[in-house]
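Coming up is one lone chain in structure tokens, specifically the form predicted on its own.
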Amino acid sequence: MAGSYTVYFGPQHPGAPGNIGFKLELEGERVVKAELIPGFLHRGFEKMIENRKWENSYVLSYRFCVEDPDSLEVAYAEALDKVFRVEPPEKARYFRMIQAEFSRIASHMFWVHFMAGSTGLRTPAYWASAAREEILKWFAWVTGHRVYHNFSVPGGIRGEVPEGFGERTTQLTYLVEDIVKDVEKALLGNRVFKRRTRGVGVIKGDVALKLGATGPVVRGGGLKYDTRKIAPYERYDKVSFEIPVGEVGDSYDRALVRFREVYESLKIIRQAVLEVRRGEPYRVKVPLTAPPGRGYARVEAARGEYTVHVVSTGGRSPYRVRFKSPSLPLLTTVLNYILENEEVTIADLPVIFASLDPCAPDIDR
């Protein structure tokens, strides 16, 4: 292309969305094309899982997205429930929902770091860390671990919930809500943030869905697409919650939707905690050897729909394990659609990256 030039962006750049690179084609300050360069974090998790025993594979199922590991953990546990043909107790199903929703909130608060940092607003990022820290403390109290928890397992959950679980969990939801309200006001209400995000990175929900995206990017564009509603799993069909959507589909709407999702997640947790009572069964027995068959699970993770497909030929290990990430379309089809239909400058690119909120290790599984 006449008058254009190439710039390599990332993987070690404060504006890059993690350990991932891009080959950018520029015309002056305008970015006209972005070619994804993945592979910097590839560790072969799927193949590693296939070479482990069933009971040793759980600990790898959630390690490629540190920001939202519990959604992956719940998805893998669900898939193995189907492989082993077991039905978890009701208590375990409601706890898995609590686990996944706290993980969603923690992920969205981690996202504030990237979104606020891309617009030069560090204070909301520090406040968001306080909310995430309280959630990590809760996880440590319940599971014994702060970040990776290994608590949702085939047949239910790994152990009994601690004494005072309901009261402390409910109290945490109100503490987190108070912090999030302050973060939302400081970030979304800031005039610099509004100027940097409104009208930037516009994509409508139906277009994003056709391009392979799901999650807040689709809902930010006005489309009410949420796996928890369209294909309920666990006991999401037993609780009441709304699907927040935006109007314009720009970076601001995607930010607004994530904050609204936090409040809906807190509502889900408050309802689910009433069904998690100490002393009731929390797991059914699962054999060491799996029968031949398949397990498939769909969950609504923080970045969109995650799917897990596990194939068993019988025996002590899975034959094939496949995770489908919601992050890849965000940095390929969705990003280049925006670049083709909007004048995006090199200064706008980190803002768009942050608003899409991909998880680079998701791609390098």
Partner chain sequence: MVLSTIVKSIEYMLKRPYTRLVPAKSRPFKTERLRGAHLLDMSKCTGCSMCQLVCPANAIDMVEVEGNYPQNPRRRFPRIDLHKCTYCGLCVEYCPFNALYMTSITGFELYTRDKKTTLKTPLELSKVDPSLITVRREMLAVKEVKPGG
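Positions refer to the first chain, counted from 1. Since we're looking at a predicted model, the values are computed, not measured.
Absent from the display: the form predicted together with its partner chain. The rest refers to it.
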Checklist outcome for this item: In contact with its partner chain in the model of the complex (heavy atoms, 4.5 Å), from 268-276, 237-245, 133-141, 97-105, is stretch 133-141
Checklist outcome for this item: Answer key: of Arg196, Arg228, Lys91, His149, within 4.5 Å of its partner chain in the model of the complex (heavy atoms) is His149
Checklist entry - Taking 4.5 angstroms as the cut-off for heavy atoms, does Thr123 touch its partner chain in the model of the complex? => result yes
Item to check | Exercise: Val86 in contact with its partner chain in the model of the complex, heavy atom 4.5 Å | outcome: yes
Checklist entry - So, in the model of the complex, is Pro162 in contact with its partner chain at a 4.5 angstroms heavy atom limit? => result yes
Checklist entry - Taking the shortest heavy atom distance, is Pro281 within 4.5 Å of its partner chain in the model of the complex? => result yes
Checklist outcome for this item: Looking in the model of the complex, the residues of 306-326 with a heavy atom no more than 4.5 Å from its partner chain, listed in order, are none
